[in-house]
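Coming up is one lone chain in structure tokens, specifically the form predicted alone.
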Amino acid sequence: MFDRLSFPQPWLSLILFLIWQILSDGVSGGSVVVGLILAWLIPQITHGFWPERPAFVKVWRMPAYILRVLKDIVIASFSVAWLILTPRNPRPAFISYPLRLDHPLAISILASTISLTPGTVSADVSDDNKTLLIHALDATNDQEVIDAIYNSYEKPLMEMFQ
């Protein structure tokens, strides 16, 4: 009986409940009941689509990672703007990045982080999840880009997920 009342994705349930309360134009008894039903029902229906949850060993490192990404986004924005405004020609390149991460969620976070940073885009992940194809707007050396991504993003993700 209680197994059916479980929340397979508790954070998703909480977010759904809070969003419902915001969208329902005020908190009332009815909106709380409907919000709780939706917060329970939607994760139950979509449970089969979610990958297995990764084991976050060092969750406390996530805020530092987010701050690092935000800082890099600001710096890269100025770099891309400078590249566009100056007469220097960019050196675009596709780079095959060797992945050390193995969990699909961690790889998705890395690919999203790379795409969020101006000047780089994650183009594809190999079928075996061992290589990430990245397009860099201005890359003088493939190894420099690989080392920068590893040290800035993949290494901290490996510490968080493994």
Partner chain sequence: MSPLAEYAISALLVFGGAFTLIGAIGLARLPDFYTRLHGPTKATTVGVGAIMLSSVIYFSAIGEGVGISEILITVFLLMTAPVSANMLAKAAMHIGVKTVEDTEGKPWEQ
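So that the term is clear: the rigid core is the largest set of C-alpha atoms that superpose within 1.5 Å between two forms. Numbering follows the first chain given and starts at 1. None of the values given here were measured: they were computed from a predicted structure.
The same protein also exists as the form predicted together with the partner chain; that form is not shown, yet it is the one meant from here on.
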* **Distance check, L132 to the partner chain in the predicted bound form, heavy atom within 4.5 Å** => yes
* Asked: A139: heavy atom within 4.5 Å of the partner chain in the predicted bound form?
  -> yes
* To do: With heavy atoms only and a cut-off of 4.5 Å, decide whether A64 touches the partner chain in the predicted bound form.
  => no
* Asked: Would A148 count as a contact of the partner chain in the predicted bound form, using a 4.5 angstroms cut-off between non-hydrogen atoms?
  -> no
* in the predicted bound form: members of 97-124 within 4.5 Å of the partner chain, any heavy atom -> S112, S115, L116, T117, P118, G119, T120, V121, S122, A123, D124
* Return yes or no for A148: a CA shift of at least 2 Å between the shown form and the other one, with the rigid core superposed? => no
* Any chance the CA of K71 moves 2 angstroms or more between the shown form and the other one, core superposed? -> no
* Is L16 one of the residues whose Cα moves 2 Å or more between the shown form and the other one, with the core superposed? -> yes
